[in-house]
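There is one chain below, alone, in structure tokens, taken in the form predicted on its own.
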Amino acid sequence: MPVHLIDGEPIAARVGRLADAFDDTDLIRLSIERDGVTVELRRRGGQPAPVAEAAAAPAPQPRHVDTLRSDVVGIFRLGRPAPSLGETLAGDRELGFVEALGIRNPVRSLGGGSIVAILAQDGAAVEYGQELFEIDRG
């Protein structure tokens, strides 16, 4: 739905018209920038109306995701070969390590699964308990 704004119109009226037009869409966020000024409209609470194609999609399978965390404070390094998103692990594998005071502390997959997320970058400082990997155990 096109919204035409009149330059002499007060800003409150302009924003009100934008909000009305935004309300008629399934958008979640609308951001407008002009002359260094940004106006942003966001939905709160409810979800947008479902799209017909989304209803036909199969329901997602339940997953069991384990989060691997750092046991020490130090510098995180990825293992070699470097793990990648979506990679399937057949069994226990060293995915990386945290170097602390010259000691290499391995981060192991602790079994098979699929890597869903790599949450730390190679060479980044990590804290005790910081999330490093997420593994889908299926």
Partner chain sequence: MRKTEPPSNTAKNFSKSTADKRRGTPTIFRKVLIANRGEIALRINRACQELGVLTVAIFSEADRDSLHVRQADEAFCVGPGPVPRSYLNIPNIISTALVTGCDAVHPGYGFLAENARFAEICADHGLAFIGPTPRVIAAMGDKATAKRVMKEAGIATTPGSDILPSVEDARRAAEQIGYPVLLKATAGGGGKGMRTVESPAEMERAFASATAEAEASFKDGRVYLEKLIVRPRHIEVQVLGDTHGNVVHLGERDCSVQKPSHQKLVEEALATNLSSKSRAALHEMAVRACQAVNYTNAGTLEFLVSGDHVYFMEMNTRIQVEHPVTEMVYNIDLVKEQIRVAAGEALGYAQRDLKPSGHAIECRINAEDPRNNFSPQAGTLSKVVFPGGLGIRVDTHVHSGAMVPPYYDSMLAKIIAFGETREAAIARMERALRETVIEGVNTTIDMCLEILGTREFREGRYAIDFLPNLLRPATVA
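Positions refer to the first chain, counted from 1. All of these numbers come straight from a predicted model, not from anything done at the bench.
Beyond the structure shown, there is the form predicted in complex with its partner chain, which is absent from this document and is the topic of what follows.
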Non-hydrogen atom contact residue 66 with its partner chain in the predicted bound form at 4.5 angstroms: no
Close approach of residue 101 to its partner chain in the predicted bound form, 4.5 Å, heavy atom: yes
Partner contact for residue 71 in the predicted bound form: its partner chain, 4.5 angstroms, heavy atom: yes
Its partner chain contact at residue 114 in the predicted bound form, heavy atom, 4.5 Å: no
In the predicted bound form, the one of 75, 89, 110, 82 near its partner chain [non-hydrogen atom within 4.5 angstroms]: 75
Residues within 4.5 Å of its partner chain in the predicted bound form, restricted to 117-132 and counted by heavy atom: 125, 126, 127, 128, 130
